[in-house]
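This document starts with one chain, in the form predicted on its own, laid out as structure tokens.
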Amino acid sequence: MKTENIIKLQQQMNYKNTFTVSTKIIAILGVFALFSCGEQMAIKKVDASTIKVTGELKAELTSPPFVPASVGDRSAKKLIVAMEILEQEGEMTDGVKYVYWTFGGSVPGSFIRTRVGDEVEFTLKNHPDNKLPHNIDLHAVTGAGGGASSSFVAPGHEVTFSFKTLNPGLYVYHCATAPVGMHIANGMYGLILVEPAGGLPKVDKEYYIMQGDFYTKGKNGEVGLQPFDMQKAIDEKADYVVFNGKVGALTGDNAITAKVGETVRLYVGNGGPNLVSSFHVIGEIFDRVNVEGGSLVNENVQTTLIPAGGAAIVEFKVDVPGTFIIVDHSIFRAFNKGALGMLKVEGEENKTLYSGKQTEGIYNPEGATIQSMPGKEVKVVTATNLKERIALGKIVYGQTCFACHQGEGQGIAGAFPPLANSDYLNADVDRAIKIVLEGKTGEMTVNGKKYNSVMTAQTLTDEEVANVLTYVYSTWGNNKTEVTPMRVLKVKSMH
């Protein structure tokens, strides 16, 4: 055989051997990958519906910023939860009062702590002094409306329903009674924690923080009792963005605390109703974040996003003393609207980690009122005849009145009075105009039935008030009155 042929044959054999070895390596890696994948696939979610409960336990409920004790390694139980809805006046900030609608008398509502596989028997009570019906939608519930369809309850009544906790995680609950946005905006939200079997790992300190955005008739800082402003809420123009229901709920004497060397776990929720939270602790890095309150864990996180109606669990070890400022890093919300809290840490300084002087109170709300840039006013379309007024009024009704009074003016039984064939409405047109302009609270009788609810004053122009009332009076069997802007202006001047 020629020399060049021998060389070629050796090259082919070397290539073949190399290919064979490579193939074997790839095959081995493939088997390893398959084995690893198989291991991952073998970690299946526990079918919590099959978990048997043993015994009964009354749930411990706590107000923010505190949380109940961990479930530890207890077995699944029949967990008894009783929660009362209270509509009560509180303080948004110095001199500014607000009527909050609450679960358990606090904003956010009482913290509920369960474990996967619990069978929760939930009793919702609506205090007899309340004005409105309410319900509860728990994001931890697998079922229609998250419990909302089973929990609608009028003032002075209570209702009981049950559910099984199927998925571990941190979940929001909120009221889902129409208009849903208004109920949430007035403070009706909270958190329910579903721990895995065996409980979460132990930490030194745990706290409950929940962000919410509030919309008041007066501007930021305007003193007095401030009613809810629906138009600002629709436009997502919050006057206050706060932790735990008010400005300063987590500052000064209300600050949460820890000691150097301790691990802190924060259960953080965002009730909304509108704004996403950019949650951040100035001077700390989150060691672990349960993203959106679920099983996915992120590490070494500076700021975590929490959607409206969502949550996150953040953990970190505090290594140096000082006052650590908790903020929504959409930063004007922190320094101008109230989304600011404090974690005060005591202990010995560690100059190696941080040599700067520790100063409390370096970050304070700036207290600036909300300002706006000059701009042109939007021109309001005016009606030139009755037909146009009715058509324009129908648009306003769909945007403003539909949620409470429904598509055919039938209202909601026990909550919002009907506008269709309404003896109350037809008896006094000027009274109806006044109610749209100023709102109304208290008992009234419509078509022989009593209602005791709240109608907020509407932020509408004289033209829009005239149009919507003309539409209502011209439909559903009412008395066909045409309301004009001049009549609206006349009622305004009388009050």
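The first residue of the sequence shown is number 1, and the count goes up from there. Here the structure is a predicted model, which means the values were calculated and not measured. C-alpha atoms forming the largest set that superposes within 1.5 Å between two forms make up the rigid core.
Quick note: we don't show the form predicted together with a small molecule, though the next part is all about it.
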So in the model of the complex, is the small molecule close enough to P179 to count as touching (4.5 Å, heavy atoms)? no
Is there a heavy atom of V468 no more than 4.5 Å from a heavy atom of the small molecule in the model of the complex? yes
Contact with the small molecule in the model of the complex for I325, defined as at least one heavy atom pair within 4.5 Å: yes or no? no
Just checking whether K440 would be counted as a contact of the small molecule in the model of the complex - the rule being heavy atoms within 4.5 angstroms. yes
Identify which of S162, T304, T400, N220 has a heavy atom within 4.5 Å of the small molecule in the model of the complex; exactly one of them does. T400
Between the options Y100, F286, Y424, Y207, which residue brings a heavy atom to within 4.5 Å of the small molecule in the model of the complex? Y424
Is the small molecule in the model of the complex close enough to P417, Y451 and V454 that every residue in that trio has a heavy atom within 4.5 angstroms of it? yes
Select, from the options 294 to 302, 169 to 177, 347 to 355, 404 to 412, the stretch whose residues sit within 4.5 angstroms of the small molecule in the model of the complex by heavy atom distance. 404 to 412
Threshold 2 Å Cα movement between the shown form and the other one for L437, core superposed: yes
Once you overlay the rigid core, does the Cα of A69 travel 2 Å or further between the shown form and the other one? no
Compare the position of the CA of D423 between the shown form and the other one after a rigid core fit and state whether the shift reaches 2 Å. yes
Flagged pair M444/G218: C-alpha distance shifts by 3 angstroms or more in the model of the complex. Which direction, closer or farther? closer
